[in-house]
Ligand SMILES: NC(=O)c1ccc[n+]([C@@H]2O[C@H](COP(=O)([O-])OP(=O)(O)OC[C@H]3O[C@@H](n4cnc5c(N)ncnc54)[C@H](OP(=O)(O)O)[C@@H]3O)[C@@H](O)[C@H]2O)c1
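So this first bit is one chain, no partners, the form predicted alone, shown in C-alpha cells.
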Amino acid sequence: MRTLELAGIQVPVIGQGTWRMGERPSERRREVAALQQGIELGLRLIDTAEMYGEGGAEVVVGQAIGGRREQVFLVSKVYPHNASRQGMAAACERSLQRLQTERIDLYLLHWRGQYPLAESVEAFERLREQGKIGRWGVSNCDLDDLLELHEPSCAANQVLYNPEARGIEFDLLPWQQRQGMPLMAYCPLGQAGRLLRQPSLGQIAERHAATAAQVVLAWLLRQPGVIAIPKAVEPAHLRLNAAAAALQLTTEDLAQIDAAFAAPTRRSPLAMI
C-alpha cells in the first residue's frame, strides 16, 4: 500500500470511512469485523466523527481497534457547536471514552460554526499539549477559510471529492498541495451508486480488469497529497479498495474521465454533504 505523510506519520493513501456506521445495533458485529479486516489489508487509517450515529460509529471503531490500537491512525471530528474552549475539551473526552483510547491521532473541526476559528485553534492546541490528540485539522473548509485560519499547525483538510465533485481542483487542492497539506477525500465513490454506474468508468474498468470503484479511487490518487476514505462493510469491497492503490490509469483513461466529468474552469462554492 502506498503511503504519504499526514501529521508527521506515514499513513496509507486509502483508509476506511465510517459514516452511517453505528446506527443499527444489528449491524454492529459486521461493522466491527469489516474495520478489522480493513486493518489487516493495510487500510490502517480509520476516519470517524462524534456526529456519525451520534457517537455510535466511534463505539464501533473503539471495539474494532481493541488490542490493535498501535496499528491504526485514528481520525475523529468535533461538532462545530462543541468547538469552543470548554466545549471541545468535553467533546474530546466523550470521543476518547467511546473510542476506548487515550489519544486521537488527528482531530478535525467537522465544519465551521458559531465559534471563531481562533478559539477552536486554542482549544485544539490545549488538547495537543495535554496529549489527548496528536495533531488537529479541519473539514469542509474552502480556500478562504484556510487563508483566514492562516495556521501552519493545521495538518489536513477533509472535503468532498470525486469525479462528480471536482470544484476543489480549481483552487483549493492546488493551494493545499503547494502548502504540503494533505487533502482527505470523503464520499470518494459518490452516493447511492450513481457515480459508479457511469458508462465511461465501466469501460475503463473493463480495460484494466478492475471495477468502477477501483477506477475512481485510482483517479483520486493520481493527485499528490490526496487520501481517500471510502466506507466498506462487505469483505470483497474491502479487498478491492485496498488493491485500488496499485492501479495506474493511462492518459487515455484520464481523458475519458475528463470528457465525462468536466474539470472546473472557474471557482465555485465548496460542495458539501
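For every residue, the number given is its place in the sequence shown, counted from 1. Note that the structure is a prediction, hence the values are computed from the model and not measured.
We do not show the form predicted in complex with the ligand, though everything after this point is about it.
- Message: I need to confirm a contact call. Of V121, L173, C187, V72, which residue comes within 4.5 Å of the ligand in the model of the complex, counting heavy atoms only?
- Response: It is C187 that has a heavy atom within 4.5 Å of the partner.
- Message: To verify the annotation, which of these, A213, V226, L41, V32, has a non-hydrogen atom within 4.5 Å of the ligand in the model of the complex?
- Response: Exactly one listed residue reaches within 4.5 Å, namely A213.
- is_contact(Q198, the ligand) in the model of the complex, heavy atom dist at most 4.5 Å: So Q198 does not count as contacting the ligand.
- Query: Closest heavy atom of Q203 to the ligand in the model of the complex, within 4.5 Å or not?
  - Reply: The answer is no: Q203 has no heavy atom within 4.5 Å of the ligand.
- Determine whether any heavy atom of E54 comes within 4.5 Å of a heavy atom of the ligand in the model of the complex, and answer yes or no. Looking in the model of the complex, residue contacts with the ligand do not include E54, since no heavy atom lies within 4.5 Å.
- Query: Does the ligand come within 4.5 Å of any heavy atom of Q130 in the model of the complex?
  - Reply: It does not: once the ligand is placed as it appears in the model of the complex, Q130 has no heavy atom within 4.5 Å of it.
- Item | the ligand in the model of the complex: contacting segment from 99-107, 86-94, 137-145, 174-182, heavy atom within 4.5 Å | Heavy-atom contact with the partner occurs in 137-145.
- Residues of stretch 235-249 in contact with the ligand in the model of the complex (4.5 Å, non-hydrogen atom): Stretch hits, in order: H237, L240, N241.
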